[in-house]
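Here's a solo chain for you in structure tokens, the form predicted on its own.
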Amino acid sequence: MSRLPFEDEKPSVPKVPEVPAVPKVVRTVLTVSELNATIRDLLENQLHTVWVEGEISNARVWNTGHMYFTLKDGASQIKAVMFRSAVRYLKFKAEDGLKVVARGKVSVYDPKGEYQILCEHLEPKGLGSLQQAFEQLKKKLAAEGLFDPARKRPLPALPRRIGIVTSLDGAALRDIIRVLRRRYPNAHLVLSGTRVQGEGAGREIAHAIRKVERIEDVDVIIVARGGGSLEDLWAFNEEVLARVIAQSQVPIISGVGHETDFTICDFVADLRAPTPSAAAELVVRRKDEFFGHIGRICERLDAAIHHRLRRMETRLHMLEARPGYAGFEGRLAVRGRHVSELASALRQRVSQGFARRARRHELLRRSLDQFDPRHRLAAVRTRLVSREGQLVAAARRRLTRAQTRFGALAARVEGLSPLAVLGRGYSVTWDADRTRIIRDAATVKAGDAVSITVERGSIIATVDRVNRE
């Protein structure tokens, strides 16, 4: 391209390199609740199930039934919670200082932003949970004195009724009945069947003991079960059963498991038997010992009687050998005859005395009969009846005379009564005020009002004319 002379040359502009476009950043703002929820989701998804070993501290159970505690080791700690649905299956008491192994999942408590372990299972480290619960309950009841030998009652010497608390389908019941039939066939057995294994079996055993205890004249109760593992025998390690046994008014023998098995029931009971069969033998042994003691006493009594008889015979022989004993039988016969005569005289004197007293008694009785008030009352009653008849007759006669006199007087009054005159047609004339009888016609005049009395009623009239003739 040609360039003209008068055209200026354009200055050269350096070339600027192109800068790439920066993408726009979008901010995601989370609330605290959203952040805690996100962390919780991450933890629960990444750490679904964990096993943690540590020492319990700050353990407490709220009134809701949930348990809150802290797991710690030498360098760190983490909060933990166990809900009521899992706490009720614990066989031991979670307490401070106890080393445990916990199974659960890690979660976040959103209101405080704290992460914690939601425990689903808890077991002591070293000992099993059941063994730990056994040791804890044993320590607790021992501190309360339930294992004290001083509070345990002796077994009765001759039990009349024996209560048995066990399973009706177990071999323990058959063993007990076999031993009692062989050694104590006249025993009266009271059976109370119950479950001896499984959840809630401890309460059922305690209820069965209470039922047997309420039966009258039950002298001793055998609580029995065959052998088994610690889990199988756990019903006999429950606190409710231990307290019922301690409060029982009837002595209780515990025959649970084999000889090497020990339960809380064994420590609380009044006597422990290594097996159910041994429990039955312990009850009957008291009877055998009692009979044996009676037999030994009888033997000692027989020996003492024989020894005393021999001494008395020896003394009698010595007395017979003395010189003064000669003629003793004759003197004894004379004394016997004299005693018979005295006895006969005494009987005669007594009979005569009784006869005299009987005659005197009869005389006194007859004298009393004369003054017997009943006889005198009968005579008085007779006189009263007679006087009563006389009084009634006199009253009737007097009444008749009075009635007769009254009739005569009434006739005379009737004859003198003015009303009888009025009955024959006469009348009586009064003034208007009925204060004066009009006997003279001159005392009235025409127009005066008069009252005329007739036999029946009266008449009010007015005088029209007066006739003085």
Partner chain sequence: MDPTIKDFEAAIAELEGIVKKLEEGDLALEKSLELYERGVQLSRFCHSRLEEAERRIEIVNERGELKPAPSSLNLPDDEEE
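Just so you know, these numbers come straight off a predicted model, no measurement behind them. Take the two forms, find the largest set of C-alpha atoms that superpose within 1.5 Å, and that set is the rigid core. Positions refer to the first chain, counted from 1.
The same protein also exists as the form predicted in complex with the partner chain; that form is not shown, yet it is the one meant from here on.
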**Request:** Answer with yes or no whether residue 74 is in contact with the partner chain in the predicted complex, where contact means some heavy atom within 4.5 Å.
**Result:** no
**Asked** Do residue 83 and the partner chain come within 4.5 Å of each other in the predicted complex, heavy atoms counted?
**Response** no
**Asked** So in the predicted complex, does any heavy atom of residue 465 sit within 4.5 Å of the partner chain?
**Response** no
**Asked** Closest heavy atom of residue 293 to the partner chain in the predicted complex, within 4.5 Å or not?
**Response** yes
**Complete:** TL;DR on 179 to 187, 84 to 92, 100 to 108, 252 to 260: the one with heavy atoms within 4.5 Å of the partner chain in the predicted complex is 179 to 187
**Asked** Every residue in 43, 48 and 246 with a non-hydrogen atom within 4.5 Å of the partner chain in the predicted complex?
**Response** no
**Request:** State the residue from 139, 359, 160, 112 whose non-hydrogen atoms include one within 4.5 Å of the partner chain in the predicted complex.
**Result:** 160
**Fill in**
Answer key, the partner chain contact in the predicted complex at 4.5 Å (heavy atoms) among 146, 191, 118, 230: the residue is 191
**Message:** Could you check, with the core superposed, whether the Cα atom of residue 59 shifts 2 Å or more between this form and the one not shown?
**Reply:** no
**Core fit, then residue 314 C-alpha moves 2 Å or more between this form and the one not shown** = yes
**Item:** residue 50 C-alpha relocation of at least 2 Å between this form and the one not shown, rigid core basis
**Value:** no
